[in-house]
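Listed next as structure tokens is one chain, alone, in the form predicted alone.
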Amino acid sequence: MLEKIQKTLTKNPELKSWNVSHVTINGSQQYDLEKTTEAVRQVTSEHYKIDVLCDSLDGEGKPSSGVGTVTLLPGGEISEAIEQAVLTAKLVHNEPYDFPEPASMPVVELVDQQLVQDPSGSLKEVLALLKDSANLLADVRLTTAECFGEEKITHLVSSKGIDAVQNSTQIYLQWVFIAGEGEDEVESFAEIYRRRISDLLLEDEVKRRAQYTTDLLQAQPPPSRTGPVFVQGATLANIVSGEVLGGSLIQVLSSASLKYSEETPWDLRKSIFRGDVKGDPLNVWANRQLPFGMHSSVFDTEGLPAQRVALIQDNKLEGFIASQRFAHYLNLPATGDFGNMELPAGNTPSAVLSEDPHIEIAEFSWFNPNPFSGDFASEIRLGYVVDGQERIPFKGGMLLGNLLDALADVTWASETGYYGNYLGPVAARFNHLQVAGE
């Protein structure tokens, strides 16, 4: 069917450019309830995503370009779908541009061979390890768990001559722990996205989540204070790089599309911060070549090859993340999608960062800074008051501040870790943030 789509597109004189992505997904799913397996499923899907670029005149008679997109299932009516895409494209009037030319594609590790060779067996092993690890814990009970694994194959062809294939895998695991009884019962939810099973680090993650769950039983009311806040692991990754399925403040403000629309205040070779930097310098790479990174790829939806972009160096913006369209408009290099966030190690061991009295934030209910200003007021699901001798859990309250200001006054740990869409320091001490309690 891909060849038929290509032939139909090639014969259409109204098209300036086009690309087609043939996407096939083979997946397995397993649902467990306490000690039993409730369901096992095999899931397969296939579709063709067609993008067409057409030139036309806008309302003022000026040349413009527009894109129309349509998705076809196997056996779908090709000509009719392309006509709909062309109609849509001609209703869109952007400044003229074109699709990317072919380029050399890098080698990026995206596939867990264990998951590809035995998907259902792999999920079974993961959930068995989860149950075995939970059974060793006396104070928590595993109630439900789900595990999804998939292999995704993408074949991209374009009128410009791009013809590339990439394979990738993904595994998703979630479970629920319960501790306590009756009115004192507490529940905690965990979920992890990775490309390969070994990156789940499941035994360590189970112990950490179990400790959080039992600490919720003893949690005190939240304090009110301003000062150092210590964050580590996946929670730190969430603050800096955003949710695995979402984006981050840095990703938004470094977008060439926002620079074109004058919605980002950032400028090349200028500090991204509003004031003086009191903490460690900020260095960031937007890395789509990170092995097994959740946002890594050989090429993006336009066909732009993966890059490791030096985004922020010593607090200054060194580049924008640009699609082909906005790279053309702004005369910038086309980088393609943002990818994963990579930060270098700091100079201070995490043990030293957590020595002095501070507040530690273990988990948020949801960390959601304003995507343009960076202001946040995020509910704390679990935190700790640390005075140098005791580590007293609390729940509730809000962490208040501005993410850019926080990143201008932070001390990074010298150890690094990987958390799906983030490679960087395992811990950080934000030196001046506010916790608002009762």
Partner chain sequence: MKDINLTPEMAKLRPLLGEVVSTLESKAPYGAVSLSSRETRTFLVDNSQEQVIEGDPTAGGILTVFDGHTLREKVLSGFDKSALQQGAKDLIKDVSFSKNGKIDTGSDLKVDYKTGMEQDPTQVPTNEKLDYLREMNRRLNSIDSRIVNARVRYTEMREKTIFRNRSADMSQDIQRIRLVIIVTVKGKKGVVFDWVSKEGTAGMEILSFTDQELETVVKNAIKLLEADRIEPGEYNVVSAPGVSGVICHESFGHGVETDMFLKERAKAAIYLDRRVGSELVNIYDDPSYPGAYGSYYFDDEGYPATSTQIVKDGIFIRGLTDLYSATVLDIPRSPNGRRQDLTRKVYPRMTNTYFGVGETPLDELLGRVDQGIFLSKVSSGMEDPKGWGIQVTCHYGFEIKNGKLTEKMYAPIGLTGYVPDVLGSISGVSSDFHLHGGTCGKGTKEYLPVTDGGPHLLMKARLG
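Numbering follows the first chain given and starts at 1. Computed from a prediction, not measured in an experiment: that's the story for all the values here.
The next section is about a form of this same protein that is not shown, the form predicted together with the partner chain.
Peer 1: For the three residues R41, T143 and S261, verify that every one has a non-hydrogen atom within 4.5 Å of the partner chain in the model of the complex; reply yes or no.
Peer 2: Looking in the model of the complex, the three residues R41, T143 and S261 all sit within 4.5 Å of the partner chain (heavy atoms).
Peer 1: Does the partner chain come within 4.5 Å of any heavy atom of F148 in the model of the complex?
Peer 2: Yes, F148 lies within 4.5 Å of the partner chain in the model of the complex.
Peer 1: So in the model of the complex, does any heavy atom of I392 sit within 4.5 Å of the partner chain?
Peer 2: I392: no contact with the partner chain in the model of the complex.
Peer 1: Report whether the minimum heavy atom distance between V186 and the partner chain in the model of the complex is within 4.5 Å.
Peer 2: Contact with the partner chain, yes.
Peer 1: Although the partner chain is absent from this view, report whether T411 comes within 4.5 Å of it in the model of the complex, heavy atoms only.
Peer 2: Heavy-atom contact with the partner chain at 4.5 Å: absent for T411.
Peer 1: For the chain shown here without its partner, which stretch in 131-139, 189-197, 227-235, 277-285 has non-hydrogen atoms within 4.5 angstroms of the partner chain in the model of the complex?
Peer 2: Going by heavy atoms within 4.5 Å, the stretch is 189-197.
Peer 1: From the list L268, A345, A103, L73, which entry has a heavy atom within 4.5 Å of the partner chain in the model of the complex?
Peer 2: Looking at L268, A345, A103, L73 one by one, just L73 meets the 4.5 Å heavy-atom criterion.
Peer 1: Of Q114, S168, T214, T88, which one comes within 4.5 Å of the partner chain in the model of the complex, counting heavy atoms only?
Peer 2: Contact with the partner chain in the model of the complex is made by T88 alone.
Peer 1: Though the partner is not shown here, which residues of 19-51 have a heavy atom within 4.5 Å of the partner chain in the model of the complex?
Peer 2: Counting only heavy atoms within 4.5 Å of the partner chain in the model of the complex, the contacting residues of 19-51 are Q29, Y31, L33, E34, T36, T37, E38, A39, V40, R41, Q42, V43, T44, S45, E46, H47, K49.
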